[in-house]
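Okay, so here's just one chain, in structure tokens, the form predicted alone.
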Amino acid sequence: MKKIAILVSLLIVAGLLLAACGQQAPQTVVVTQVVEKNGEQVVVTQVVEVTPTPPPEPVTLDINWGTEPPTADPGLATDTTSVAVAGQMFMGLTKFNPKTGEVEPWLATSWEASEGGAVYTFHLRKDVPWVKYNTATGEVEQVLDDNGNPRMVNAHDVEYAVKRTLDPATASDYAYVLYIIKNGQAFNTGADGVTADDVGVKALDDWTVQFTLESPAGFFPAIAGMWVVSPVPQWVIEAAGEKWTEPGTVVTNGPYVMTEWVHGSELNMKRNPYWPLWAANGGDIKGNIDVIHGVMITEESTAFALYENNELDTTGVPLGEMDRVKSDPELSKEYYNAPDLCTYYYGFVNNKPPFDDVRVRKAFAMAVDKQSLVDNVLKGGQTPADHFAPPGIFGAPDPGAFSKEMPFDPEKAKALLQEYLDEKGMTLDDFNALGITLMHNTSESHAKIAAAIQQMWKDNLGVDVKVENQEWKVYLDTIKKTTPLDEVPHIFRLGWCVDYPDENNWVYEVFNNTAGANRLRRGCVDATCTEVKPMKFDELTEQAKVEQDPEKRKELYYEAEHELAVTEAAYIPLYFYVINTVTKPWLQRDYPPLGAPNYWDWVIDWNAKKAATGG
């Protein structure tokens, strides 16, 4: 028995040595075995060299976030980069089908609306754990409750997230999306006597959350899937404050966890093995991406060069490379082009002279040749826009609906500007001395577009416009409606992409001057827009939000779009986006029309990628 015990222990030691090997170089190990010798069993020990099998490499997706995400906090995210980051780590109640755009269950398994549609009740999954990345071990760990059991996402987490987004102390720039919830706007704007307890969201039990709305809204299930509703960990936020989203601290519940965030350089993620929707856990998500390696490169040409060098798996096509990509025999096969539910526009700061005069705004708008812009600068199949919401959005006007009233017309543009100058007793030189500024966030494409339009204003109006740019996070702060007027540009560039396919998400939530973002500063009584006067557009969008007749809603939205683009000429809608992307042949991906990219659904042929990259 003693000899057998020694033999077993020696075998265990040898096995441990073998298991501990993480390198491909030969390792010296002691192997003990029992052999027959002269009819007897004897123990033989020998030293041998073995080459251990390395662990499988993680399937890695190489992407470009495009810029430093301003935040990874779902309650604070307002831009597409931050939404893409948060969307990998946190689950909403619903999500959009990547092909049909239909609203589907996600964290919620089902929901129902009350008769009349003003109350929605969602029933949650019971198997989604809170997880955390351990920076010391490199492993993803489940968060345990006081009893040592995995802590599951529940309805109370959803209630907390909604009230946190609406809490004025959170200062969420996207809180207005939740004004559809009863008392959401009143709580967010600090109305007397309204507290968080008055907001129309309540956990009925651990797995049921109910929303009471200000008015019936058939599109509310889509809002319920937005990042500002995604459950977040109250106990972590209260303990860590603003630092709660840093790696090693952040606690999440989605398909990926953040492992590293080198600000200004890269943000990386790792698969959450406890996420119940993976096929390996009994779910139906079959994506095989283990690691997301994301860099932050603002220059499209640099990102494209990395793509051509097989250092990125997919990227956008720079304006300067569009013709080459379309004609190249290999790149053209990797090229994808399709309409996108986004609109690119230039906003006027409506309360900053001289753009506080509608004649100046109309002059600048009519001096822009949008068709030339898309044909000669963009070259990606974009469509000139004359209103805000693109085709595919409920209530959107038909393309070209207002083009006769707001055409490209240099002569009329000059006449409008001259009428303004004559009334003010100014010359064109006096006007140019005002120092008109156009600002965009740092990007080669935005710079080329700005240069083209700058030249149009020079050629068609004789106006000199200075172009400036800022890094994305700084830029978003600069163009807020609360920034002092002398610190904002006269004209700014922005794009808007769909959150849910209804005009309410466009004209109301972006431009309404009492409930929306109102970066245009429409109707502002004072310099920082703390007081505004409602205008016809705002009244129309308020009416359309609560109107239950679909045809009447369409009429109201048509009037509102006309009021904004023609009567007020509050901004210049430039073009409707298209997707212009190249993707390596080893990557199978989708192009969801709404929401964050579905990296969890993507599949990489790892052997093909390794062969192409020489790995």
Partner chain sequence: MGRYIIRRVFGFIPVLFAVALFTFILVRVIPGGPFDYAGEKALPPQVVANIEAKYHLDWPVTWQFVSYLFGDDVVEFLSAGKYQQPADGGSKGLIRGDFGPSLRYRGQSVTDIIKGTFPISFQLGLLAMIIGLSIGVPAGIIAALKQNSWLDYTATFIAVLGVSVPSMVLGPVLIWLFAVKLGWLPVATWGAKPPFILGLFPRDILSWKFWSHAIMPAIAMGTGMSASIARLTRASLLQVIREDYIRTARAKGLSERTVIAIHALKNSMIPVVTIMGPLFAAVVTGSLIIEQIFGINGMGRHFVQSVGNRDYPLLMGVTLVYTFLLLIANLMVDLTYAWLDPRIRYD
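Positions refer to the first chain, counted from 1. Worth saying up front: this structure is predicted, and the values here are computed from it rather than measured.
Here the subject shifts to the form predicted in complex with its partner chain, a form of this protein not shown in this document.
J.: Does Asn188 reach its partner chain in the model of the complex if we count a contact as any heavy atom within 4.5 Å?
T.: Residue-level check for Asn188: yes, a contact with its partner chain.
J.: Report yes if any heavy atom of Thr170 sits within 4.5 Å of a heavy atom of its partner chain in the model of the complex; otherwise report no.
T.: Taking the distances in the model of the complex, the answer for Thr170 is yes, it comes within 4.5 Å of its partner chain.
J.: Examine Pro573 and determine whether its closest non-hydrogen atom to its partner chain in the model of the complex is within 4.5 angstroms.
T.: Pro573 lies outside the contact set for its partner chain.
J.: Is there any non-hydrogen atom of Lys126 lying within 4.5 Å of its partner chain in the model of the complex?
T.: Looking in the model of the complex, residue contacts with its partner chain do not include Lys126, since no heavy atom lies within 4.5 Å.
J.: Exactly one of Val498, Ile436, Cys524, Val201 has a non-hydrogen atom within 4.5 Å of its partner chain in the model of the complex; which residue is it?
T.: It is Val498.
J.: Answer with one of Leu144, Ala338, Val262, Ala279: the residue that has a non-hydrogen atom within 4.5 Å of its partner chain in the model of the complex.
T.: Selected option: Val262.
J.: Please state whether all three residues Glu68, Leu76 and Glu311 have a non-hydrogen atom within 4.5 angstroms of its partner chain in the model of the complex.
T.: Yes: each residue has a heavy atom within 4.5 Å of the partner.
J.: Hey, of 188-196, 95-103, 382-390, 352-360, which bit sits against its partner chain in the model of the complex at 4.5 Å between non-hydrogen atoms?
T.: Comparing against its partner chain in the model of the complex, the contact stretch is 188-196.
J.: Judged by heavy atom distances of 4.5 Å or less, which residues of 471-496 approach its partner chain in the model of the complex?
T.: Stretch hits, in order: Glu471, Trp472, Lys473, Val474, Leu476, Asp477, Lys480, Arg493, Leu494, Gly495, Trp496.
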